[in-house]
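Next comes just one chain, in structure tokens: the form predicted alone.
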């Protein structure tokens, strides 16, 4: 394990000023001043850069960038950047990561970085013989696809297999779909996969006599999975008026609800994505693709269910797991164009896309635990509202030191409303 310096200071990170947090990053995490200035927003994405990223640019829209602490993933300390507007996520994920530390933190791994290109073939005379013709030519087709991206091939990527699926009963009649399995190494892979599909289209038409219609990657990247597990020691589960068994069994019962009911599972998985999306965004990856893949994977059995599992081990400890598609990269796209995305990868000391995926799913598992713990004990609103009170205080017009003072009073009163905040401010300012 690689301990991170400045542990005592890290524990009060929340209470540091912005300047002190930046100084801590430079001192304890060995970040250079330029990287810190990018993460702080002072030297981040410029409008001239944004103008080359999308169309019709008129400005830059900012979101808070926070850092989740306490994470140990596969024996290594890591700071986890999160871009998110919702309060409580960074704090709750950090606290759950702290509970995981005595048992070694999170243990994660990924499958091969294989994406799927789909090639739809319609207007076929007979789909069964067309399927066999494609499979007979598999090696030739893969050789053609392997020449699409020489750089990717240089690093060991490229086509791995070809599969053919038959759809006998569709609204347009029978058709088949070719799946090109493509190893994209450290890239997200959309461009390489889509180009390979386009390249194979005329070859497949010649083989089958049919017409290639759609040719595009699938965001259900079920061959590119990320998995993580965690153990929370029984003695670390108790808090307040809740004993360890009560907390543990409450978490398991709450998870069981999501495992059988899609209405609950939708909110349950949304909570997981509360931690996953912010990291995907912070690193310049496609959070919409990750979302789509996650929810499709959750419904792969034909019924939408939880992406996580929670149970107790033989010693009575709480154990959790997560498994989901994780198509993220560290080369190409916004990951290498957006200054803050590059800085976030530096902050996490990421060397491979697999490492990034392992950290992301670990954070998702931590956030899921936080939500289940709150829901099954004191209720989700208590912790969430105490942090939401800061936003309410600002909305009501609080400035400077008034913000912390006012948000504390609102939380204590359990009356986190703008109207009440304005009343308190009016009294203070008489």
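If you're wondering where the values come from, they're calculated on a predicted model, not measured in any experiment. Residue numbers count along the first chain shown, from 1.
Only in words, not in the display: the form predicted together with ligand MEV, which the text now covers.
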In the model of the complex, the residue from 342, 138, 76, 270 that sits within 4.5 Å of ligand MEV by heavy atoms: 270
Of 31, 392, 371, 39, the one that lies within 4.5 Å of ligand MEV in the model of the complex (heavy atoms): 371
86, 264 and 274 each touching ligand MEV in the model of the complex (heavy atom, 4.5 Å): yes
Partner contact for residue 375 in the model of the complex: ligand MEV, 4.5 angstroms, heavy atom: yes
Residues of stretch 318 to 347 in contact with ligand MEV in the model of the complex (4.5 Å, non-hydrogen atom): none
